[in-house]
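Given next, in structure tokens, is a single chain: the form predicted on its own.
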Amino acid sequence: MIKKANNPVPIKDILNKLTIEELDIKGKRVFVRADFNVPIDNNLSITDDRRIRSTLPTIDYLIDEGAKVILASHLGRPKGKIDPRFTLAPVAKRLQRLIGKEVLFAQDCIGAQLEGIVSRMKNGDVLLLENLRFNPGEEKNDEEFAKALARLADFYVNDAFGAAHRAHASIVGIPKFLPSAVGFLMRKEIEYLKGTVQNPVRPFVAILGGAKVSGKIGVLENLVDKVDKVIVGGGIAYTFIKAMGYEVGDSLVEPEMLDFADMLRKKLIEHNVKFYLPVDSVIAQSMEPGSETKIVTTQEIPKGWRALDIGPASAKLFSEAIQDAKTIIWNGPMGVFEMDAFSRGTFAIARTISDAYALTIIGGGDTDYAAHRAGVSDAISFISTGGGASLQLLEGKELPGIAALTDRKEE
């Protein structure tokens, strides 16, 4: 199914930063910070290569334009030490297959030996550096490490949206020493996540789920005067419901957030935003496989039981609220969808969003996985590659990795 919807706002209208197409890169060395932080099993096989595929437009463009392409990424949390479990060698192998040409792989990410390899690169060559986080200077944003990385190239392109909220050497350090620009994936993320919120086609619906209210506060505050409807499910719903004076049993609640949640709900309603909470829930006494489950109205969750998914009436209510939307942003599942007994609510919402005649945007992380599990990924307008980064952008915050890039000169 091809999603027909309004296009996002062009990046030049929302961001005053150079883009990859504005760089004169023929014959030049271009350092691309990518996000190749992909799941790899114990046999060093990649189990999901979507993050690699999402950077292909930038890599292909640089090859076609005759640049010398130097790719760099982190993988996992090796804590500044060399750890064979987190080598990027499998990524080089997969990338080679995807682009149909040789990908050189360096055993390190800085040093004289590597600089020698780079000096011998020809136009259109592709080189992938070893895991940046094998060096402690990466996460410490060490200036000398950033300088050593910058020495490898003439230009810097950031296409690692999933890491753009980190103030690391390869994200904010290198741009101090090189002309730097936004890659195609980064541009797409900004156009959809920032541009859409600034200039949505209405009705504009935000669907928020996940575990904690505290993780979504900034998004709700930023959207108060921008959205037409807010739908809240998942664990965060029960803090709102408890704040309204209802019994929620042993459901997930953040006691310190009760007053704030109630204030935020009232503020949204004052701004004429339609606010939806679950009217029924799937409950259980534990998350053990085979545990007894019940469907109850949200006001009748007994003590000793916890809500682990929205119920069928809530799924119907939410789906009806979504149907007339022209712009939809979804961040956070409706329940513990990883377990079959508590997956129906999340999958029902995923299917409704995929069927909507609207611009549909899904935040990264769990929501991306939920859409994938529901089999609707191909019918979504845009799925973000960054969990934490997408949340920060939806909160209206500036991401360090974007702020560090070179400003476009006024024409």
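Keep in mind it's a predicted model, so treat the numbers as computed, not measured. Numbering starts at 1 and follows the sequence shown.
The form predicted together with a small molecule is left out here; the points below concern that form.
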Only one of 108-116, 207-215, 168-176, 72-80 has residues with a heavy atom within 4.5 Å of the small molecule in the model of the complex, and that stretch is 207-215
Considering 338, 154, 300, 221, which brings a non-hydrogen atom within 4.5 Å of the small molecule in the model of the complex?
338
Exactly one of 121, 252, 104, 99 comes within 4.5 Å of the small molecule in the model of the complex through a heavy atom, and that residue is 252
The small molecule in the model of the complex: contacted by all of 234, 308 and 366, heavy atom 4.5 Å:
yes
Taking heavy atoms and a 4.5 Å cut-off, does residue 318 contact the small molecule in the model of the complex?
no
Given that the partner is absent here, does residue 334 sit within 4.5 Å of the small molecule in the model of the complex, heavy atoms only?
yes
Find out whether any non-hydrogen atom of residue 330 is located within 4.5 angstroms of the small molecule in the model of the complex, and reply yes or no.
no
